[in-house]
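A single chain, nothing else alongside it, follows as structure tokens in the form predicted on its own.
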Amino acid sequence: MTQQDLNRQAVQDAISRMKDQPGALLPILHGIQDSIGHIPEDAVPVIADALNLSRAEVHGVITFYHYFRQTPPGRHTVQICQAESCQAMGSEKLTEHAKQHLGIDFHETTGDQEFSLEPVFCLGNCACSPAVMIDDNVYGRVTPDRLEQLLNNARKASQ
């Protein structure tokens, strides 16, 4: 079975499980993304037909919420806190450094599929601002140099 077949099956499974719930669109989208990591473009008409919605309505919800991805994520997700405490301690500078170092913007993935960069609005680590989360690990007092070290460690761990 190809990856595309597996993706189609994941879309159908999410729709089948949740289509009869009130407000089913968001749970279906979450189910698909939780299963395959993103919402494939070819899922939009399938979801729209199942819920009797227009493709534009489904696409509008996907693009409105930054949580939903339309492309596969990288092997590692890097989230940089953008909340006030982290901003006060330099997260804007850290964010610009990360974008330059990785060569991508928020909601993008590096060409080698290694890293996706996402904003986050509070990691609950305010006393150690600025905070970064790489995959499931939260780091505090992250400087541009430390971020590069963390990224290099993540890259090495996936080789």
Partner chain sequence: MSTKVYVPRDSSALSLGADEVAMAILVEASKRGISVDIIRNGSRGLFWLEPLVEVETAQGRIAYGPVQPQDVPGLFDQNFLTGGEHALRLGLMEEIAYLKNQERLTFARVGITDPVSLDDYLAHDGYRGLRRALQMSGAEVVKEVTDSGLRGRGGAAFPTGIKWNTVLNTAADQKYIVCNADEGDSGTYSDRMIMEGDPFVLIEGMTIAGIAVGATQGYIYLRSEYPHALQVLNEAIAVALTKGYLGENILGSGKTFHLEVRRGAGAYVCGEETSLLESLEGKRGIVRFKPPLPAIEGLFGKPTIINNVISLASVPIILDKGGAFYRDYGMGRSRGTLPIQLAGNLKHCGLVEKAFGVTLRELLYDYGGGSASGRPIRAVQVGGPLGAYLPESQFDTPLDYEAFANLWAVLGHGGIVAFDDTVDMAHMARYAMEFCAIESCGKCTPCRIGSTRGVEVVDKIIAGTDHAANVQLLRDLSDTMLNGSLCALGGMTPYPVLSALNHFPEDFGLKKNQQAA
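What you see is a predicted model; the values in this text were computed from it and never measured. Positions refer to the first chain, counted from 1.
Another form exists, predicted together with its partner chain; not displayed. Remarks below refer to it.
With the partner left out here, check for me: in the predicted bound form, does some heavy atom of residue 68 sit within 4.5 Å of its partner chain?
Contact with its partner chain, yes.
Indicate whether residue 77 is a 4.5 Å heavy atom neighbour of its partner chain in the predicted bound form.
Residue-level check for residue 77: no, no contact with its partner chain.
Can you tell me whether residue 12 touches its partner chain? I mean in the predicted bound form, with a 4.5 angstroms heavy atom cut-off.
Because no heavy atom of residue 12 falls inside 4.5 Å of its partner chain in the predicted bound form, the answer is no.
Can any non-hydrogen atom of residue 141 be found within 4.5 angstroms of its partner chain in the predicted bound form?
So residue 141 counts as contacting its partner chain.
Please tell me which of 46, 104, 134, 126 lies within 4.5 Å of its partner chain in the predicted bound form, judged by heavy atoms.
Spelling it out, the residue with a heavy atom inside the cut-off is 126.
So if I measure heavy atom distances to its partner chain in the predicted bound form, which of the stretches 108 to 116, 24 to 32, 93 to 101, 38 to 46 falls within 4.5 Å?
Selected range: 24 to 32.
Residues in 80 to 100 with any heavy atom within 4.5 Å of its partner chain in the predicted bound form
The stretch touches the partner through 82, 83, 84, 85, 87, 88, 89, 92.
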